[in-house]
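In structure tokens, one chain follows: the form predicted on its own.
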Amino acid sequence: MNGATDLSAFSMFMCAILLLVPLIAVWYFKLGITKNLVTSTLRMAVQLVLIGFFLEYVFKFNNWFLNLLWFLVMINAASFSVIKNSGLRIKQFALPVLLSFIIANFFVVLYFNYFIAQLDFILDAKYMIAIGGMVLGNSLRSNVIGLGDFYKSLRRDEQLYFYKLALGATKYEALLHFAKKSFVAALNPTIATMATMGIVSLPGMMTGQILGGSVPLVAIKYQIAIMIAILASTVLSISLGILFTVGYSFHKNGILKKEIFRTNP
């Protein structure tokens, strides 16, 4: 099988024309997000072009230190994005969330490369960055839901938390109800995607491998493996994220710190 057909300048121009569909819809319904839509699209294009040039050199040199360094940069960006989109303050959450992402994603990606892909060089750039990016990107979205829901529901239902404490529960026992609820909210999108994969949609990694010339069954094996890796990374990062941030989020008397939120209730 041949690789994917290259897209010409005319092809990219026609792709830009397709952008008129959401732009016209946003303008017609007066959604007020035209500037944000255009800015995000341009930012995506510029970032991807720049990273495309950068990754050519990364893949060419395939240096273990450079590969690890770039993966850490990716994790750092993902951590700050989770905190920002969860409505929490970076100052209090930067270190615990970053640590949870480093532990969860390094474990899953290195496990994938060594035991599943069975690479001789487990820090290979193509696997470290490509697989790591897919795992990190998907767990990021789930962490925004999980971490955000945990603290928002805790602030909203703080009286329930106090009630459990009054009944003799420890702080962690009282928080278990909120953690369970957040886990369900965070994992549901991934579980729903896995349940309909292959029938409702052909996932990105599988499609990319088929367009790149891989045999469909090989692409399917990789897609199954990457979805399980994403699920494992999501569970680990949310668990560690909640566990590590709880120590920063409460006063000594067990009351939730209101200053951890970027906005008032």
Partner chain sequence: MFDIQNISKRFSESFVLQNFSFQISRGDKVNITGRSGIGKTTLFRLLLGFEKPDSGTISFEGSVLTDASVWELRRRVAYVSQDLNIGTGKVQALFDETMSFRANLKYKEGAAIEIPQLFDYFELQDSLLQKDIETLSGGEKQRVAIINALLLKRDIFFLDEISSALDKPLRIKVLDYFLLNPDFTVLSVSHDNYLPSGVEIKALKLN
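Positions refer to the first chain, counted from 1. All values derive from a computational prediction rather than experimental measurement.
Not on display, but discussed next: the form predicted in complex with the partner chain.
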Within 4.5 Å of the partner chain in the predicted bound form by heavy atoms, the stretch out of 189-197, 76-84, 135-143, 164-172 is 164-172
Though the partner chain is not shown, can you say which of 126, 152, 181, 89 has a heavy atom within 4.5 Å of it in the predicted bound form?
-> 181
is_contact(residue 255, the partner chain) in the predicted bound form, heavy atom dist at most 4.5 Å | yes
Non-hydrogen atom contact residue 94 with the partner chain in the predicted bound form at 4.5 angstroms = no
Within a 4.5 Å heavy atom cut-off, is residue 118 in contact with the partner chain in the predicted bound form?
-> no
Residue 72: touches the partner chain in the predicted bound form, heavy atom cutoff 4.5 angstroms | no
Relative to the partner chain in the predicted bound form, which residues of 146-163 have a heavy atom no more than 4.5 Å away?
-> 157, 158, 159, 160, 162, 163
